[in-house]
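This document opens with one chain alone, in structure tokens, the form predicted alone.
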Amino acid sequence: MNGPHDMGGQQNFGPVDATEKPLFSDDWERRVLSLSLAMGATKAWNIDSSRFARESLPPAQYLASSYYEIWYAGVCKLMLERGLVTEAELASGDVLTPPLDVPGPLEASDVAAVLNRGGPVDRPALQPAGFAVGDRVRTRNQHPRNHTRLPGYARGRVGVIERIHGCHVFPDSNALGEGECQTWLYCVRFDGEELWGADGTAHAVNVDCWEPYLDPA
């Protein structure tokens, strides 16, 4: 979707601060990450749904929030949508309704093993790839209301297929609970001038693009 999270190429937000910082600036941030991991283990939603929940926060709230404030708001939104918590419970911090049965729990002793195992998203191919390395492609100039991994600055642009990653879960459908719809994923190289014009500073940018984002150029 188009939203405040998609800041690539937008001006006047200042330079990116690349200095190394602590993982957490306060103890509550650790608790937010723990909550996110614990709720993810319930399988009540998937990683693309969680990204969509954060992206779809009101722009004013998103831009005024810190990283972990955005994560907390996203988890609360998902829990409310799925009936795992009520507004009154969030406000009071107390359990006011009978809990729902969910898979889990994720024990603290198992967290490291679960994270190291990861969640592979590559899938068997259902049909041949539509493009080959070296093909020129144009990204579709689309503005979906749901989650997408195609950044705004790379829409409607011409690039070249540099690598084929294989078939992967399609995040646009997965975020909506409409199935994995596995499809081919490509690394597409865009010249900086194609993306930013003559005033751009980047020599080139590589963007991973799913096949539904692409047309032959």
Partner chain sequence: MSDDHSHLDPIAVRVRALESLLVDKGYVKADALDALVDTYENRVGPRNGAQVVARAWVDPEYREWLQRDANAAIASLGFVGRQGEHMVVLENTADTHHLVVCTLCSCYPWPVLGLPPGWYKSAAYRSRAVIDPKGVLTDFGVSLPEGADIRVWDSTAEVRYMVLPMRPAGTEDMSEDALVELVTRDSMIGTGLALEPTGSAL
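Just so we're clear, the structure is a prediction, and the values are computed from it rather than from any experiment. If you superpose the two forms and keep the largest set of C-alpha atoms that fall within 1.5 Å, you have the rigid core. Numbering follows the first chain given and starts at 1.
Unshown form predicted in complex with its partner chain; subsequent notes refer to it.
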**Request:** Please run the contact check for P216 against its partner chain in the model of the complex: heavy atoms, 4.5 angstroms, yes or no?
**Result:** no
**Item:** Partner contact for V158 in the model of the complex: its partner chain, 4.5 angstroms, heavy atom
**Value:** no
**Asked** Is P144 close to its partner chain in the model of the complex, meaning a heavy atom pair under 4.5 Å apart or at it?
**Response** no
**Residue contact check: T42 to its partner chain in the model of the complex, 4.5 Å heavy atom** = yes
**Message:** Within 4.5 Å of its partner chain in the model of the complex - does that hold for a heavy atom of every one of A53, V133 and F170?
**Reply:** no
**Prompt:** For the stretch 191-217, which residues lie within 4.5 Å of its partner chain in the model of the complex by non-hydrogen atom distance?
**Reply:** W196, D199, G200, T201, A202, H203, A204, V205, N206, V207, D208, W210
**Message:** Aligning on the core only, does the CA of H203 end up 2 angstroms or more away between the shown form and the other one?
**Reply:** no
